[in-house]
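First comes one chain, alone, set out as structure tokens in the form predicted on its own.
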Amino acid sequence: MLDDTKKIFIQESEELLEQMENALLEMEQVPDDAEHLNSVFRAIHTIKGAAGIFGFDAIVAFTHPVESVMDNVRNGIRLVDPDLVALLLKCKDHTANLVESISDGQEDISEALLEAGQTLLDELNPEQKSGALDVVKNKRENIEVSDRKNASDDNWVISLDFKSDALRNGLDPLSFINYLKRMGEIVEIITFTHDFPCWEDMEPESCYLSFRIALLSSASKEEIKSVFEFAMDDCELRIIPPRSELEKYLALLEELTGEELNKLGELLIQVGALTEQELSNALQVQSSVLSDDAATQEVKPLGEILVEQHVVSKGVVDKAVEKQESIREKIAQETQYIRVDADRLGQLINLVGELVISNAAVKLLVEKHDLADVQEVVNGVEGLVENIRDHALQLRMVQIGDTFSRFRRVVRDVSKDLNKDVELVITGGEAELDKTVVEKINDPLTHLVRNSLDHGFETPEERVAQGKPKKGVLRLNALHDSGHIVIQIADDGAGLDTKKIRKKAEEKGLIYAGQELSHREILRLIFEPGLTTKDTASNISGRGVGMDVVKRNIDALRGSIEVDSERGKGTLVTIHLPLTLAIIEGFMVGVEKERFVIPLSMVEECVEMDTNEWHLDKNSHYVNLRGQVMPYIKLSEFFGVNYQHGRRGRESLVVVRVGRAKAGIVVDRLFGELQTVIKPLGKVFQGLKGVSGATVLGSGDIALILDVQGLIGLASAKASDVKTLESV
């Protein structure tokens, strides 16, 4: 798509070529008319100069020899005859073809067109071959009109046409051009003299000058326009911004966060793409159509008028219209929402929880008394309760993207303090989870981000020396996974030094020398209290306080945290969190008369004891399930349940998974799925291992909700301890 500066060149070239053709036709009749001769010269000279500003080298290479011939005619070196006029008309047509090729958006002029131009130039000046074709071919490889003109795409182009009364009103065109030098560097000036009348008709007090000025400046459009503030009534002014300025307008429009719907003109003025005067002129054009006859003439949109007047690029207008539409949609969406007090919403969730419990109690009574005629009604109510539960929980769901966005400032400030260059990339911000979870995860995420910036990333010099990009990348990502939200914090930094972690852990007495640990187990040591790999503490990290708190806070949310790292390549921290802390789908199991609930999203499968698919190794506390070995824990042993008369029920294995960690839980009975309203434990039971909360059953009994993450950790530790003792 052509930019506005090229459009102006094409439009004005077409007008000049038409004037040139008319003058040449008159020259056939009156060869000695100096006015027509000057008109042809001015037209070809102006086209050549403008083409030079815009870097259209093929047009410059062709029109320059034609201009030289016309200069010889003016100086009496060459006479005008019908053959010369015919050749000049062909040159005019060829110039029109060159301009047309530009309007079609062709980057290179075709070989056929170049050769046709060379043939014309050879006929025009047979005694001296111009070599224009070779010049253009060479310039394709290294275009060089002048060193400064190559930067024309980043110049302001000012189209300045003075009216005939400008001089009578005391204006000096040269003073305005001189004042522009204060704004920047004037790269090129083309003076248009094609409006000059013949000398006999020329009035000394009238102004016939027009200018096209290429200005290299950091000034804004409004500042450049202010130079001509007092001459607006005596000139026609168009200011075409450079390419870099257009990109700035587009970026500003993208960043606009309007609270109210602004008009198109106001948006364009707000970003600096339009001046008040330009808007006023366009509105006058629009209103003049309305006042003439709105029934017979189509009223053009303001944006279309601005583009036609070449004061704003079509791309900028389209972007402004798009921003208008997005603001309109945002306002429409906001009218659909009402603010609700968080405490009232919490009360609603609590009442929904009580409704779930009461419905479960009614269901039990119906089953106990075998009230078949009521069963259908109860089932219907149960469905409604589930819908109410889901919608009530949805009210408290918020996108995590707002939380992620807060870390842009953290990354900027901390990386600057550490003399590091780090870019934050956010993905998955549309993932939703409970507002209470979002509030409680902010502090752990802040610590992990700051820790990554301090420990993870190298300095720019170190990264370059290692063959890495100078700028590091920190990624925050969120996604849903089987009833959980997964948050990932990844960096492409130095990675964790497992040897150093192990050494520090041995010094702290967390492990003993020679103890066998896998790569993942060593990485997990960073969550131990007091362990840090930094030799000196800073105001950001290095005191060994924080990662253990991060894990404890995430555990309190019934979540899990894992670390993967490869030396020299980076680190990935993965957090799994439940979507809500209020009501979940649970899976109820039993040991003797006790009831326990496992979050259903963590249950992979259940296997009966009397099958041959699994085998318990009571000595090493591992279970082999169809060739897959995993640690296990028996709830009866863990909670010290005493069986009546020493009898045990048929045992079952419930396979649970949190992230990539899996384990087996051996229970006596499987009761199936259950809507579970989570109740917090009292202070007396808050330190109870393997339990994260409780729920009230329909019968009024209490069932403990298992802390699956904690149980997997305990089972793994127990199996590891047995393995270690056996090796000793």
Partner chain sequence: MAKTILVVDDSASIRQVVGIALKGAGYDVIQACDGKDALGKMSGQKINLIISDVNMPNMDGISFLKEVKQHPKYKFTPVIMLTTEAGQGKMAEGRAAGAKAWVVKPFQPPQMLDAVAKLVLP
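Numbering follows the first chain given and starts at 1. Please read these numbers as outputs of a predicted model, since none were measured by experiment.
Unshown form predicted together with its partner chain; subsequent notes refer to it.
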Checklist entry - Are 176, 179 and 229 jointly within 4.5 Å of its partner chain in the model of the complex, each by at least one heavy atom? => result yes
Checklist outcome for this item: Exactly one of 637, 516, 276, 172 comes within 4.5 Å of its partner chain in the model of the complex through a heavy atom, and that residue is 172
Item to check | Selected contact from 205, 370, 104, 343, since only one has a non-hydrogen atom within 4.5 angstroms of its partner chain in the model of the complex | outcome: 205
Checklist entry - its partner chain isn't shown here, but in the model of the complex, which of 395-403, 344-352, 230-238, 381-389 has heavy atoms within 4.5 Å of it? => result 230-238
Checklist entry - At the 4.5 Å heavy atom threshold, is residue 168 in contact with its partner chain in the model of the complex? => result yes
